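As structure tokens, one chain now follows by itself in the form predicted alone.
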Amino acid sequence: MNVLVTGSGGREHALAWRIARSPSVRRVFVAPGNPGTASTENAENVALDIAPSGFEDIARFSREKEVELVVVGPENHLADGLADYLRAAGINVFGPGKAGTMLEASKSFGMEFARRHGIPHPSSETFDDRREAEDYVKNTPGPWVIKTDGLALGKGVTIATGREAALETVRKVMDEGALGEAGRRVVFQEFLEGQEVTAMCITDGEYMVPLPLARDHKRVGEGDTGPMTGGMGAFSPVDLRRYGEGLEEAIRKEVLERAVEGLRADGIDYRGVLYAGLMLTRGGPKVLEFNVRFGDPETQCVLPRLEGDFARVLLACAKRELREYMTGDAVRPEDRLRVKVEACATVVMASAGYPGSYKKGVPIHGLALSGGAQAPSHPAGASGREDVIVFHAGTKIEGGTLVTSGGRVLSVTALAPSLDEALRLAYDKVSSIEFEGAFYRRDIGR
């Protein structure tokens, strides 16, 4: 089959790479893609307008190229209604419609959804009025977890330990519009102590397949210090032994299954990835937020751990045939989704200044250009081998040179028999790549 992936980040490069390795796939188109997706075997970048004004062109392209499945990458494409439009046009789509995106598009909606369906979550308060939000800060003890209610592309969370810092955040996002319309309403969440973990599953609204757990390092500085970012690195699997027996089962039953059942009870047609950002507390796992797409950079360390015909799994989900695919007699066991025992680690290389302002167009050295971008040193995922791949996130080609074009530039990923070895391989590769101002956390997985 032919598959179209929308997006241009590290997550989309990982998706295109993994889908292209599926035995059922002939060609992967990526719109608009990046230099990394352009160099992926069996993949091709295409110039399509992903804004609502271009939905008709996307549908036309899908018909002309006999695209059997569209995989929507970024949350803003989903929130704009791309999945709804293509489904109405008779095209199979992996990704929820606008009704489902409310879980991520509104943090207050997500917390109310958790409350209504008995999913463990922190207490929260929502404010539309800046003065009321400031009064809340003045009259409650910190720390304060402040989230923009709307989509802020990974920049909408602040944890303020001081009252003045919390008040300044409220003023910036609600009064000064630092994050646009996303911050006109803010959600205060109870500050929880514990370890964060990402739980994702693939669901067609009826059946659910959990993906390997991962842990994302969200703060910009080592030792989990500094501002929140879209993610500075991730690893999988996550060692849960310190929490006792049964925690992974509790996450599956109390969070993922209840969420899928809740979506069905609310009459929401949900076909795609459901992401739960969790805090592992003394009282058990609690949902900090829901997302409606693959996490970034968690995707980069989860997909290399999967075996099976990934594209056909996504297609089965899009067609509401996931249960039959995963349990029926018509599918070969080797084509079903399975998890490797190997560990995977991802280290993000970022531009100087990120998550604030940063310079673009900086030449990148140490990556061999192949069709305009770096190709894997050898195919990641080969059994019994140590594998490294560099997923492109914020890169482009200028005058034949690979340069930076974003805050998070590269996700350097390694798969190995142990997490320690995967981290060693990833950091070895990072040390061979250079661009002015490049920085990365040296404590991923620690």
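Numbers follow the displayed sequence, beginning with 1. Because the structure is a prediction, the values reported are computed rather than measured.
Separately, the form predicted in complex with a small molecule exists; it is not shown, and the next lines address it.
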Residue (of M279, V362, L167, A105) lying close to the small molecule in the predicted bound form, criterion heavy atoms within 4.5 Å: M279
Contact residue in the predicted bound form, chosen from L263, L288, A160, M208 - any heavy atom within 4.5 Å of the small molecule: L288
Partner-proximal stretch of 288 to 296, 308 to 316, 92 to 100, 235 to 243 relative to the small molecule in the predicted bound form, 4.5 angstroms, heavy atom: 288 to 296
In the predicted bound form, E222 touching the small molecule (heavy atom, 4.5 Å): no
Partner proximity in the predicted bound form: L192 to the small molecule, non-hydrogen atom cutoff 4.5 Å: yes
Any non-hydrogen atom of K147 within 4.5 angstroms of the small molecule in the predicted bound form: yes
Close approach of P122 to the small molecule in the predicted bound form, 4.5 Å, heavy atom: yes
M1, R26 and E44 all contacting the small molecule in the predicted bound form, non-hydrogen atom within 4.5 Å: no
